[in-house]
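Heads up, what comes next is one protein chain in two forms, each shown on its own as structure tokens, labelled structure 1 and structure 2.
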Structure 1
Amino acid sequence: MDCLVCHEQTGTYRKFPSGAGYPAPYVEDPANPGTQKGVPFPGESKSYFAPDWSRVAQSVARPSRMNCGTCHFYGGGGDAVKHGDLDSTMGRPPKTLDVHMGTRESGGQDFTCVRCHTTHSHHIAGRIYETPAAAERKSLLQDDLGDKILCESCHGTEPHQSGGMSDKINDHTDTVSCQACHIPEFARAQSTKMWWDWSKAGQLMDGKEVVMGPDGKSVFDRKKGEFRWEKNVVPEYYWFDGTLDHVTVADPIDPTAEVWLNRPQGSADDPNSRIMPFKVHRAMAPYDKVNKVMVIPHLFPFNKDDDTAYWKGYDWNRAIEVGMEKAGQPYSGEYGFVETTYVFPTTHMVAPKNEALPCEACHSRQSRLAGITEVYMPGRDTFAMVDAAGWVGVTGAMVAVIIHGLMRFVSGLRRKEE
């Protein structure tokens, strides 16, 4: 990380290539002395230019949304690849996309990232790794330096107005995260990558190296394989204590089942766990068939002549061999592909309150929380036998009184005739 990527405000500071590394060197255009020729990068259509250093240096300020977004909107190799709730549309979002970050014109609060991700000596609040969130839950008002931030940090545990059913909604905050109801769908402004099949890489699709999908995003790339993009995605919900358990390249996996490369930690019994929405990205990824571990393939060439890189030589075996060697890990020489999942907590793209989920989204037979089986939920759960017996009883009573009534009517008519 360098200082400028976070602090410069001209928007002209670009790293080379692929948004990483250093800015492009200054190459004078021989035809127009005093101007830059630009440095092209194979595989990308645009050229890279050296920044105007003094202009860039003089522009430094508190980071804007675009500073953070330079990396976080484009993680995983492109816009909206990694996060379902963070992409370039969050650079200047309307309130409908995010109530906090939404622009003033659209009625939003115009929060920058650092409004919530507060810093102290460059320690940035609000990451999710190994420290349980709830145990360190702090109010920003009391302690602006808390490492962890949550909705509660500002909104408290009784965020809805009190009285009537609002109290009942407040009653939920001990088990349900704010995000679960207030982010009904993620990727609401553009589609996010939900499926990535590495096993299809190296081939051509319909004779082409890159195939574009209907929304202008590639659904196939020879370098990377096949993708599926989805917009307005309903999250998956899991108990979450703020920590994720990660499978590293040294951890054994079970290739006969879906491999959860990371998994939300937490449980219904844990008072610090909440039901949290996640983007669950699924993929076919290479693994070591003998050692039963995930592998690190060497993708990006070290230099022009490096054809061990997968993106140059298209040979998985050599790419994995070099990648694992570089990481200091053994490799058996036999690879296969296994289905993996990777979860991303969904916490941005908070919708306006009138778009928050209605009770029925969870409290109904078609509950979004079908996977949360540890708790009894009115409206979702039923007792099949009791329901069946009950309705049989009700129907039986109806039939019995109808028959009884008909018999009274008929016998009454007969008596009249006599």
Structure 2
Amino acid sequence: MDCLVCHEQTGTYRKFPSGAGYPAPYVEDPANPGTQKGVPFPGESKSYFAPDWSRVAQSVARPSRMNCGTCHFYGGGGDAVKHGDLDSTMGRPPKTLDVHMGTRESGGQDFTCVRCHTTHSHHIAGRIYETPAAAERKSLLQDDLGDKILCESCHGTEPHQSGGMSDKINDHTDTVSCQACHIPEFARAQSTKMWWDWSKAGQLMDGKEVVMGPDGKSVFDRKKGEFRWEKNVVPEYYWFDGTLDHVTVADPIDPTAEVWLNRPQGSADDPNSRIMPFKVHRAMAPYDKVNKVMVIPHLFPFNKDDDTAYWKGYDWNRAIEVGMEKAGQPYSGEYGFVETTYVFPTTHMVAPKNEALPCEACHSRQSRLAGITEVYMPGRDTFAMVDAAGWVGVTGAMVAVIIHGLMRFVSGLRRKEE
């Protein structure tokens, strides 16, 4: 990335698809000297224009929400594709969508991204992948911000007012992330991509190269395959210490089982782990059937004559061969498709407090935390001996009440006879 991606505020600075990160070049229009001519790109109907550099140079400022959103709202190839909690609606969301980023008019705090993701010498706080996020639970209430930014950084470890039920809720902060309760669903404004079947790429659906769904998003694209989009999605929950274990192109996989391309790390025994909500994206992706590794296909053409790219020749074998060669990895020449899983921690779209999850969302037989089996959870779990003892106590109490009532009734009759 160059500096202007984050700091240019005119909105005219755009990357040129084949420019290796650079904007479109300035090309003068021969028919109108002194004006520029749009540069077309193969396969796209629009033309690209060079930025107005004088205007750009005079508009450098702190990153705006849209500076960040230009990449993070549209990651993965389109709006809301990659992250379930980040999409274009977060540019100016209402408070009901996110209490922190919600506009002032809607009652929100109107935070920009850099309000929480602060920087020191361009080192951005908030990354939660490389080292445990909770190893240093620093607070802005007492300390300078470290590399990690957590809910506790502003709200402390006892975020709820003391007294009554709030004390019990505060007891949860050593095992449950704030996000688990305060982000009841993600993709609440628009749907996010939850399933991507690459094995359907290269084909046609009902004779069409692109098929649009009811919400205006493609459910099939010849270049990429078949998709499923979902809205108001309930997250999946895992213990998370802030690190993700990733599968690389050199790591062997088991194609008979679902391949977790990344997996949350953490456990109930780790004091730095918390129960965290995740978007879990699943897909059918290509792999090497002989070497049993995931592969890197060559998708985007190097130039207009490059027919080894999958999006040009629609030949998986050639695309994988070229891609793996560029990556310096061996390829057997035989490929297949395997189901994969990829997780995204959910930290945005914090709902208003009156929409936080009720206790029974987890403490019931229909618990959201059915997959968290390492701990005993009242209301969800049972122990036969404890349950039996409890029912014995309840039955005994009821018998005692009945006997006591009968005795009072009989004694009352006797007094009346006297």
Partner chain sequence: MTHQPLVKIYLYSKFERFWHWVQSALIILLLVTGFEVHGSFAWLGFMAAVDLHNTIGLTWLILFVFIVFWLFVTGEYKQYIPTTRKLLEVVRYYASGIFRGEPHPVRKSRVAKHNPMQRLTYLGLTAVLLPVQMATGLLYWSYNDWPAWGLDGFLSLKVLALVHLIGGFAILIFLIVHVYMTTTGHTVTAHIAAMFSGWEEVPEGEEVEDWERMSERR
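Since the structure is predicted, the reported quantities are computational estimates derived from the model, not experimental observations. Note that the rigid core is defined as the largest set of C-alphas that superpose within 1.5 Å between two forms. Every residue number counts along structure 1's sequence, beginning with 1.
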Revision key, fill the gap. In this pair the form predicted in complex with its partner chain turns out to be structure 1
Point to revise | residue 31 C-alpha shift between the two structures of 2 Å or more, rigid core reference | key: yes
Study note, to complete from the structure: Superposed on the core, the Cα displacement of residue 401 between the two structures in Å comes to 13.3
